[in-house]
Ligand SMILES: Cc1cc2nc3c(=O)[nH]c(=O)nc-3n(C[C@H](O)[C@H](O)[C@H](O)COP(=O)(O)O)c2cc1C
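Next up: a single chain in structure tokens, the form predicted on its own.
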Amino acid sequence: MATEKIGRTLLVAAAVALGCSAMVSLAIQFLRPVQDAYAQLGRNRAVLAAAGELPETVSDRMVVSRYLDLDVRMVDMSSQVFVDSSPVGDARLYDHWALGEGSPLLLHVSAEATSDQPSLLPRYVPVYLVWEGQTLHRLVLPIHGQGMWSTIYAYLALNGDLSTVAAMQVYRHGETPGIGDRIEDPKWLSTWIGKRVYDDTGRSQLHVTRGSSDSPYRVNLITGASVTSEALGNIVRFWLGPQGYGPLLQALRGSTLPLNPP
């Protein structure tokens, strides 16, 4: 009799566990599109903020509308030029940061890369152009790389001269709360504005270092978060260099690539 009770109890417990597991799985599947939509919305907000197109008060619907109005171009990082078509579809919807390590759409970085730089780059990367009439006002470039504990994802906006910083927007990271996450501080991010990224010879010179606020090529690191803030500087320098957007920006500044408003 006792054995029968134990068996019945275990059967009920197993049934409850299976039922709860099924409910959790269904909830995850049901909520995944919602989570993906919010993630996409967060990216849209970050892009618009870097582009200078995000008002202080704006609805989610307006964020999506303004994002879709941006001129988005796809860069083929293997040739470092704009491409009219790619196998990944609409540049506005493409998330190049979602690629897995085994994806054929990733490129291996040459041996010159260091440990704090990406070893794999997406082949196709969407960049965002903001126009004032027929004149390029801003170019927003997605950048990413290793922080102290996590990958940092951000957007660097250049002015129309393609040589000075218009904005820096940190989108996502997993750095230490209260310490490394100070790279999101709007006050610190504002110190990037107006800094020059290239010297007169066209070499990338922008760095994050201590005691350099008066230099046109330097951003002061964050005391207490020096490793993470310096890492962001290294990420920027990599993406503005020869393995990142450097050749594309050089060609655009030299007008050897067509660049016209849509």
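Treat the numbers as computed from the prediction; the structure is a model and nothing was measured. One-based numbering along the sequence shown.
Not pictured, yet referred to below: the form predicted together with the ligand.
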Review point. Is the gap between Gly224 and the ligand in the predicted complex 4.5 Å or less for some heavy atom pair?
Key: yes
Review point. Can Ala91 be called a contact residue for the ligand in the predicted complex at 4.5 Å between heavy atoms?
Key: no
Point to revise | 4.5 angstroms heavy atom contact with the ligand in the predicted complex for Pro122 | key: no
**Study point:** Touches the ligand in the predicted complex: Ser86 (any heavy atom, 4.5 Å)
**Key:** no
Revision key, fill the gap. Per contact check vs the ligand in the predicted complex (non-hydrogen atom within 4.5 angstroms), the hit among 77-85, 172-180, 96-104, 127-135 is 172-180
Check your understanding: Among Val72, Val109, Met148, Leu189, which has any heavy atom within 4.5 Å of the ligand in the predicted complex?
Key -> Met148
